[in-house]
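First, one chain by itself in structure tokens, the form predicted on its own.
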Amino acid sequence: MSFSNRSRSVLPFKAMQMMAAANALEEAGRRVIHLEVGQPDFSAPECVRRKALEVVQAGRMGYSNAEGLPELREAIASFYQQRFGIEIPSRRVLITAGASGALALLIPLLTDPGEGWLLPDPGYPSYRHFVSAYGCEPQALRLRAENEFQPSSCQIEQHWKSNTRALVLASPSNPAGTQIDESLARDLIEVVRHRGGHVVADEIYQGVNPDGQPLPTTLSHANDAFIVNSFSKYFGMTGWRLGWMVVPESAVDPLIRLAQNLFICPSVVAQAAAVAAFSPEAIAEADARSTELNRKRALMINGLLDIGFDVPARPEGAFYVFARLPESMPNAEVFCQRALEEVGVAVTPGTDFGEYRTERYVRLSCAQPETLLLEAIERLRVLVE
């Protein structure tokens, strides 16, 4: 059978491939430590789980509006007011099927086939595959460790093409966990505005940061930016497949039309339960977990440095370490295969996140119990030595 060029442009998600290979080894009786996927080792806050049971038992499982339940949109708007001091009408908040669902709506909203998106390299791999799948052009911003794997305003100017329409900013970023400081964010936004483009800010790790305090949101500098967020990371609700967008007023109605046709609506059980995620109880639980993840990240960095890895850009958020391999080790893809097969540690090769100098990097997730992180370091020590 013959399939489209678009489908062939979407390459495998290597983190998911590594997870599948690790799962196969476990089914064969091997014990594997999973550091490959971006999944917290905790589940949704207890009050969210209780609310989900109540919703199911009450039979409240019919469709919602495509833009989401009003009470959840209002809870998110109140969250921005309480945490950031930003007033947002709840109409500007749209609920999506995860952050991926938000990207699947924003690309056709902002661009036609053949138009371009400036994307971080290294960066979250699905950015470029979403863009390609819609017939648009992924345009790589080559990011360097000495710049914390974040772009500069000069880079945006240099790489902006006649067909470029949008820029994706990620803070904290994946895979490096670094953030964009506020002065740089303002500069980047001004460059894009001058070019007549759009800023899409990926803030799904916004709450997972070193001191448990909220990192700035791009909304503080750009009321016309498109903000993408998710319940997966900070709230630990990965399998619930729920996210949200904050968008300019003029974008609300066209996005609702797209959502009606592409998704009908996000999971209503997940939406109704997620209202409880903004209760004081759940926020306190999420913040405590963020502090715990910070401790684990520091433990992982110190352990990797001790066995010969380098971490040239120290993460300021998220729960990853993007580490450069010791010079004695082979390239990242070979190393990851050997780490899995020889010592039972699943990690993701840097080449999953782009092509610019990524072949000597691996990404390790720190969202596992500390005992497993320490054991993983010792297993990797055996491989390195």
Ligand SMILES: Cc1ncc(COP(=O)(O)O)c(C=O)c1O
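These figures come from a predicted structure and were not determined experimentally. Residue numbers run from 1 along the displayed sequence.
Quick note: we don't show the form predicted in complex with the ligand, though the next part is all about it.
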(message) Given a 4.5 Å cut-off on heavy atoms, tell me which of 178-186, 152-160, 307-315, 233-241 is the interface stretch with the ligand in the predicted bound form.
(response) 233-241
(message) Since the partner isn't included here, can you check whether the ligand sits close to all of Trp117, Leu141 and Val200 in the predicted bound form (heavy atom within 4.5 Å for each)?
(response) no
(message) Test of understanding: in the predicted bound form, would Ser100 fall inside 4.5 Å of the ligand by heavy atoms?
(response) yes
(request) May I ask you to check whether Ala259 falls inside a 4.5 Å heavy atom distance of the ligand in the predicted bound form? (result) no
(request) Consider Thr111 of the chain shown here, and say whether it contacts the ligand in the predicted bound form, taking contact as heavy atoms within 4.5 Å. (result) no
(request) Mark Asn174 yes when one of its heavy atoms lies within 4.5 Å of a heavy atom of the ligand in the predicted bound form, and no otherwise. (result) yes
(message) Quick check on this chain: which one of Phe278, Tyr127, Tyr80, Phe226 has a heavy atom within 4.5 Å of the ligand in the predicted bound form?
(response) Tyr127
(request) Taking 4.5 Å between heavy atoms as the contact cutoff, choose which of Ala166, Ile88, Ala104, Ile204 touches the ligand in the predicted bound form. (result) Ile204
